[in-house]
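Only one chain comes next, encoded as structure tokens, the form predicted alone.
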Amino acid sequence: MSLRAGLGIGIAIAGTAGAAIWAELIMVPEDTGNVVHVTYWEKWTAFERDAMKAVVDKYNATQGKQKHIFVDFMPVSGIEDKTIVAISGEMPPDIAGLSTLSLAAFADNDAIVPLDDYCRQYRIKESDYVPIYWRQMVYGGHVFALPTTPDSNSLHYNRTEFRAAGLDPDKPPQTFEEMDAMSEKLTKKDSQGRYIQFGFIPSDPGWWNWGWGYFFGGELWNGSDKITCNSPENVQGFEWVAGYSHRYGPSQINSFKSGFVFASPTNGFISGKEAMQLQGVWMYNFISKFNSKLDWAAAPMPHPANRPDLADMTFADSDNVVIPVGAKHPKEAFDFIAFLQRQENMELLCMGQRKQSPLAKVSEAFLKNHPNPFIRLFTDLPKGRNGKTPPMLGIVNEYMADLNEAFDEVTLLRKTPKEALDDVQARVQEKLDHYRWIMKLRKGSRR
């Protein structure tokens, strides 16, 4: 099986012709004189791009200049697909900024370089990182990536609307039962009986539809070979979600949120039409841009009243940098990656993107000067026992897509949670068994 075909098992490759993709690739600059040019492809634009560029510029002016290394930083759209094509064509960048969802598939298909030896050389170790972020960089017992900017999420709520509903703005819901009751008080209709405000909508923004079972004690796999999405806990999570559709009606909910655009003034939470929303650390950026006068706060997501052990749940993730197989300058590439992992440089990057740091040690100045008033919450939640991530599976993107489809079936009341998750269980288990069989064959063929 070819590299590109193998990666296609776990990553949905766009149906663009190969020649068209190649035409968009940025060619690797030639080395000039005694300066080694390291090509770095990254997905970011706007202020997120500028934040990384500041770190690259600092490296080029200091350590890179001393070592005769220059990092050519290039924003690239569709980076994962284009990195696949570049690796297949034996012209990859030296560094690529990927997402953790694609890491397992890249590693399974020998598309990225294990970084264990480089980490030892530069004395980069597990204890340097918040554990949940480090675990996402390790696959099959090897370090395949190092983190850039992480994220976590929490409940965002509108303090003004809390006051208007007679709720204490300093007391967000602690349990899902409290949240449901508060949501009822925060939901409003106009004189025509149309909803003009909701307290909470599980389907908005819809980025963690796969994960509601975690809040009720569920897991999505056994860490090895079994999918577990139809466990009682996961079903309970989807039943809680379905409760909102039963209460308010799926068509009414969809009509209400049909005009919402996330990064705009029409965002449901930013516009004040949703009083509570599950959102990530990045939400501050959009609130400050589109409605800086919004009186809001962030707090841990609630937990079931009978499961206090599930308090402070958060989904934590991190972007990362990898060295593709076939990179022309892997040693020089890792020299920059190691530079990025230093506390002062990581904080420069994360401050520029207004996120928390993935490192175990964070300066007080970073926390004190950070513009997000709740940065300590987003920093601390992933350190707890209830930080959750998507499964590290080569088919994780397909799994997430199937769970999103099941979520839609449940919220539209087309299937019961048990029916929808039983269907996903059967489909994804078959996909996982097939994927593991292919990986076993490939491993045997290398001997």
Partner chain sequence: MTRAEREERDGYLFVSPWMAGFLLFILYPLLASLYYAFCDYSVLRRPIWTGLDNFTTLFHDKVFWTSLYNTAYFAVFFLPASLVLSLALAMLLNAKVRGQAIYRTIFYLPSLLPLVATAVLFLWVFDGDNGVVNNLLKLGGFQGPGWLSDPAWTKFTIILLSLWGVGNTMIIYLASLQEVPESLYEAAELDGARAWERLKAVTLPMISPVILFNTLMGIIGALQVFTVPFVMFPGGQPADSTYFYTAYLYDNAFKYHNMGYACAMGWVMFLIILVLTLISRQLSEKHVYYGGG
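Numbering follows the first chain given and starts at 1. Note that the structure is a prediction, hence the values are computed from the model and not measured.
This protein has a second form, the form predicted in complex with its partner chain, left out of what is shown; the following refers to that one.
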| query | Of the listed stretches (223-231, 132-140, 177-185, 84-92), which one has a non-hydrogen atom within 4.5 Å of its partner chain in the predicted complex? | reply | 84-92
| Non-hydrogen atom contact Gln192 with its partner chain in the predicted complex at 4.5 angstroms | no
| Just to confirm, Arg414 within 4.5 Å of its partner chain in the predicted complex by heavy atoms? | yes
| field | Exercise: Ala401 in contact with its partner chain in the predicted complex, heavy atom 4.5 Å | value | yes
| query | With a 4.5 Å heavy atom cut-off, would you call Gly259 a contact of its partner chain in the predicted complex? | reply | yes
| Given that its partner chain is left out here, which of Asp312, Glu161, Asp108, Asp204 has a heavy atom within 4.5 Å of it in the predicted complex? | Asp108
| Among Ser288, Ser99, Ser363, Ser255, which has any heavy atom within 4.5 Å of its partner chain in the predicted complex? | Ser255
| message | Asn397, Arg427 and Leu441 - do all three of these have some heavy atom no more than 4.5 Å from its partner chain in the predicted complex? | response | yes
| query | Looking at its partner chain in the predicted complex, which residues in 403-434 have at least one heavy atom within 4.5 Å of it? | reply | Glu405, Asp408, Glu409, Leu412, Arg414, Lys415, Asp423, Arg427, Glu430, Lys431, His434
